[in-house]
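Presented below, as structure tokens, is a lone chain in the form predicted alone.
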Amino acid sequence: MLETLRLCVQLTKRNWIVYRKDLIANVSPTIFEPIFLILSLGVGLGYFITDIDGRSYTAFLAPGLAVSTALFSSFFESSYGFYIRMTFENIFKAMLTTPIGVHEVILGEYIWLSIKGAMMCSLLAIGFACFGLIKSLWLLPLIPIAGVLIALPCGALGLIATSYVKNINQFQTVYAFFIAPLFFFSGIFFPLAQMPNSLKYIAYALPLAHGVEVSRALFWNENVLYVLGVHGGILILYSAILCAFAYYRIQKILQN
């Protein structure tokens, strides 16, 4: 067990070393796109939308945009990133000639996705906190939890997509028909309570809406324990199911 953990950590360290070589370029799109969104929508539309659940539109947007960074960073890492490492660079094939096995490769990727999701979510939350968009700074250290809770199931979705696509261009279809709707219809931009019941049920049947609820509880300091228990518990269940299925699918490919 300890040896497996050590090898997983080594794989995670390898990903971090590669990632930090071009850190600014790697971090910039994930961090600055939500910032531009909150400036254009929060400030622009906020002039016309002055009250959502007793808050400004900017304050309403911030928690969902923060946690969405974990969605995008984990999905793209486990889809495009994993596919390139596996298919074009043959990195995993080389790793499997060492004591690292398929088990360590996949678990190491899960650890890396969790760290990356927590880091991205935290960076954006710190930025939003500088503008007074987090009610209690004491809850700021809990923000990485929301990042991890989203990064694992969404990263697993990326690995599942990787196991099915025939070429790298097919990830665009997955993004267009699944990830983009997941982002736009998970309650980030408007309250899910205002959606028709059918769409609301679909939104809550997917991970991101629960991550948005967790992030809002932490940003707004409202019902934190209850939301972590309910929506956090649902995300843990999603993570267990999706990570297990992704493991099953990717294991078969790496063993061939």
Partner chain sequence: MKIISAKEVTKIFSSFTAVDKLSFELRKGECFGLLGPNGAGKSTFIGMLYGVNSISSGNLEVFEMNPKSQARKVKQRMGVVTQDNALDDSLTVIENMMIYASFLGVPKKEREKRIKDLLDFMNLSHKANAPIRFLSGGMKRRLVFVRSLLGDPELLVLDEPTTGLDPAVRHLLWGKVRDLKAKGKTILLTTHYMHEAEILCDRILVMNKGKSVAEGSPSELIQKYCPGYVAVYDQIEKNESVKKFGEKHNFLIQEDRSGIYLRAPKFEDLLKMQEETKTFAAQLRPANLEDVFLQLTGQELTADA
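Residue numbers count along the first chain shown, from 1. Note that the structure is a prediction, hence the values are computed from the model and not measured.
If you look for the form predicted in complex with its partner chain, you will not find it shown, but the lines that follow are about it.
Exercise for the section: Using heavy atoms only and a 4.5 Å cut-off, decide whether all three of R55, I143 and N223 touch its partner chain in the predicted complex. Expected result: Checked in the predicted complex: no contact with its partner chain for any of the three.
Practice task
Tell me, yes or no, whether L23 is in contact with its partner chain in the predicted complex, where a contact means a heavy atom of each within 4.5 Å.
Solution key: No, no contact at 4.5 Å.
Problem - Distance check, V18 to its partner chain in the predicted complex, heavy atom within 4.5 Å - result: Judged by the heavy-atom cut-off of 4.5 Å, V18 is in contact with its partner chain in the predicted complex.
Problem - Any non-hydrogen atom of I168 within 4.5 angstroms of its partner chain in the predicted complex - result: No - in the predicted complex, heavy atoms of I168 and its partner chain never come within 4.5 Å of each other.
Exercise for the section: Consider I91 of the chain shown here, and say whether it contacts its partner chain in the predicted complex, taking contact as heavy atoms within 4.5 Å. Expected result: I91 belongs to the contact set for its partner chain.
Problem - Residue (of A180, I126, L137, L96) lying close to its partner chain in the predicted complex, criterion heavy atoms within 4.5 Å - result: Only one option qualifies, and that one is L96.
Practice task
Report the residue, out of I106, V174, M119, I100, that has at least one non-hydrogen atom within 4.5 angstroms of its partner chain in the predicted complex.
Solution key: Contact check passes for I100.
Exercise for the section: Tell me the stretch among 82-90, 128-136, 181-189, 149-157 that has any heavy atom within 4.5 angstroms of its partner chain in the predicted complex. Expected result: Result of the contact check: 82-90.
Problem - in the predicted complex: members of 1-26 within 4.5 Å of its partner chain, any heavy atom - result: Heavy-atom contacts within 4.5 Å come from E3, T4, R6, L7, Q10, L11, K13, R14, I17, V18, K21.
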